[in-house]
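A lone chain, given as structure tokens: the form predicted on its own.
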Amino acid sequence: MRKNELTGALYPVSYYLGLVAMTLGALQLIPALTSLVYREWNILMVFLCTASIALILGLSMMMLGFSRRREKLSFGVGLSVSAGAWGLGMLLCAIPYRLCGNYLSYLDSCFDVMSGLTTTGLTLVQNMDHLSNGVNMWRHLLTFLGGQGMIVLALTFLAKDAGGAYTMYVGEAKDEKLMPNAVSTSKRIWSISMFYLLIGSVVMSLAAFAAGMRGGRAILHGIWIYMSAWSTGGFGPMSQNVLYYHSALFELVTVVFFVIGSFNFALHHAVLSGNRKELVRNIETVTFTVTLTLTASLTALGLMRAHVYPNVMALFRKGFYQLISGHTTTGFMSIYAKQFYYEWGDIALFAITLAMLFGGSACSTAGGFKGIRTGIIFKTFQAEIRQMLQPDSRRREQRIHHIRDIILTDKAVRSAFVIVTAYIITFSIGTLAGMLAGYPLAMAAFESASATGNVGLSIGITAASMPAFLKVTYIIIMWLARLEFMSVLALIAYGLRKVKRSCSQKYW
């Protein structure tokens, strides 16, 4: 890309980043309204001020690139916009966190924002049990937004012929075409999410009432927990997370919602359009069933050998709940963090670490390897073994079923192996960083798997007291894993190219 192309690309990039900033500023009016209703005047002023900052910045950036907004972005630049939007979003959304008084530093605030936007759920917040309603609304709104995607939300406000929309959509680790173009697909994703939000909030509020909560508090908790469940985000309004409610019904309802939330948006679109058979035919639901059965069996075996829980009900509520929460990359917990390390034993700990890496579905709110990649890799091994045993005349094309029958090409196989390898490398780096910080291998691997899979289960490492370099490492890991590496790498390459050309021209 030449200098004039790089410079020219800055104007449409400015427009789209400005649109994201404007969107985030407008969203802050929701926690501001919550603070107004509950008379939290200091928090209200925080959100009004930070919303104004985001809106003014966003408007300025949009005006700078307004005349060039319809220009087509190259694929690399489009990916860079997606990655840059998440970086900008983190910096802007961390400001109200820092000003609210519940975070020890701006770095801790950035950590929690990235954790929320990537639907991870690890947190460094202080005095969580006494957070204001406005801040709690912002925490859960961020994880709900992150599940659907910031770019996806921003694209819903654009016209159908917006330049570069598809490349930005793909840059947010989504490549399903529910509708003819990226903008209409984004609108469909949000319509699906809002449909479930209405139903889920009512059901979770009723579950909160059944658990003993009353009035507006039950409604707020119901909305917040639903947002985290659907977005597989794992945030809770109380420090004990789901354990706080002491209700088997409440836990069961959350399982239903976070399992549904871990499914592909294309699958939701197909089922809501009447194609219910897709639930049992889709490669991702089949793969999820197999990996969940495998890891759940290992977890049960490990817990029974360790004699941790006395009966089947306890095994389900304390063992299986954590396992499926980890596999769907939700991160809800009904036990204390340290119990993983001191009670579960090596086999169960290995199983849940593996489940967190497997993750949910592609183009969903979940993280991890994704079911479609795990399924493709299994199909590839199956095909190779068959080809070794059968004569050439009996070889045939490999197919998978994902909304439709798809021929398994070499390109698809390579892509699956590359992304899974990138996840494994990232997980290994996170594990090494944890060990360098002084934690045992099992603890470091568990927490790294949680960050890499955008899960949120914690074994006790994530805390405000952990070293700053580990906080930064987890932030980068969560960012990379949520966007599935390519858009972040494109942003880095784009920045390095600009620096290289600038230095080259200055030298000459």
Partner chain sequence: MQSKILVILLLVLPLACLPARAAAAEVGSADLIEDAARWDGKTVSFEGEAIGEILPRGDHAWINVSDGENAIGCWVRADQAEKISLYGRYGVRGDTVRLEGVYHRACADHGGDLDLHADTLRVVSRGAEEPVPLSRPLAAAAGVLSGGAILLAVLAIRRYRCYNCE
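Owing to the predicted nature of the structure, the values given are computational and were not obtained by experimental measurement. Residue numbers count along the first chain shown, from 1.
The form predicted in complex with the partner chain is left out here; the points below concern that form.
Heavy atoms within 4.5 Å of the partner chain in the predicted complex are found in one stretch of 130 to 138, 365 to 373, 402 to 410, 117 to 125, which is 130 to 138. Looking at the partner chain in the predicted complex, residues 418, 426 and 429 place no heavy atom within 4.5 Å of it.
Note on the partner interface in the predicted complex: the residue among 217, 305, 414, 277 having a heavy atom within 4.5 angstroms of the partner chain is 217. Between the options 26, 472, 49, 33, the residue in contact with the partner chain in the predicted complex by a heavy atom within 4.5 angstroms is 49. The partner chain is not drawn, but in the predicted complex it has no heavy atom within 4.5 Å of residue 37.
Heavy atoms of residue 309 reach within 4.5 Å of the partner chain in the predicted complex, making it an interface residue. The partner chain is not shown here, and in the predicted complex it never comes within 4.5 Å of any heavy atom of residue 270. Within this chain, residue 53 lines the site of the partner chain in the predicted complex, having a heavy atom no more than 4.5 Å away.
In the predicted complex, 238, 239, 240, 243, 244, 245, 246, 247 are the residues of 223 to 247 with at least one heavy atom within 4.5 Å of the partner chain, listed from first to last.
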